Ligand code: NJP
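Take a look at this single chain in structure tokens; it is the form predicted on its own.
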């Protein structure tokens, strides 16, 4: 894996940190992005390989431009892009403010689109991989989750379109169910989360995807805890 470079967004904690752990163990040099730069720096000290923590706010197009420029200057072209960062706000549709609705799409959809297009030339030249961390709700809905579900439907569409337009790369839509993380201001291990997926277990699927030969595209991977109801 010499000279392989990977980018992970939303890497400061939760699933993003565990995805970074897998990539580092697999020999990748990492560029990690998140708003919490201090947490990224702490994570970088714990990982076994070369890690470059960089500030990144996916709701700010200028931040993405600066992040891409810093990665290009410091590390050169990349081989893997993990679009992991995402936000969720949950309540009835009529209770959303315009700002809240727009922010969900700015981070979950536009941010992933802009990150991917920024690194697209690298990924095509190196026949790389893009992982869109989506959700099992990218094909279903639930009450109080309207904008979040809609953003994941949109991310699914982006994943498929990027793949069709760029056959040299592999685009994986990773669709986990409920994960025991800090998502939506929750706390890991909180009451009611006993049956949730653990982020470490979800991250292990990335190791499998990386190990597949390049003539195989793993386009979609859904996983849920056995305690989560299988809704479709």
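Keep in mind it's a predicted model, so treat the numbers as computed, not measured. Positions refer to the first chain, counted from 1.
Unshown form predicted together with the named molecule; subsequent notes refer to it.
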May I ask you to check whether residue 53 falls inside a 4.5 Å heavy atom distance of the named molecule in the predicted complex? no
Although the partner isn't part of this model, could you tell me whether residue 49 comes within 4.5 Å of the named molecule in the predicted complex, counting any heavy atom of the residue? no
Since only the chain is shown here, I'm wondering whether residue 85 would be in contact with the named molecule in the predicted complex (any heavy atom pair within 4.5 Å). yes
Taking heavy atoms and a 4.5 Å cut-off, does residue 31 contact the named molecule in the predicted complex? no
Of 41, 207, 35, 198, the one that lies within 4.5 Å of the named molecule in the predicted complex (heavy atoms): 35
Kindly indicate whether 11, 134 and 183 are, all three, within 4.5 angstroms of the named molecule in the predicted complex, using heavy atoms. yes
Counting any heavy atom within 4.5 Å as contact, can you tell me which stretch out of 113 to 121, 92 to 100, 146 to 154, 70 to 78 lines the named molecule in the predicted complex? 146 to 154
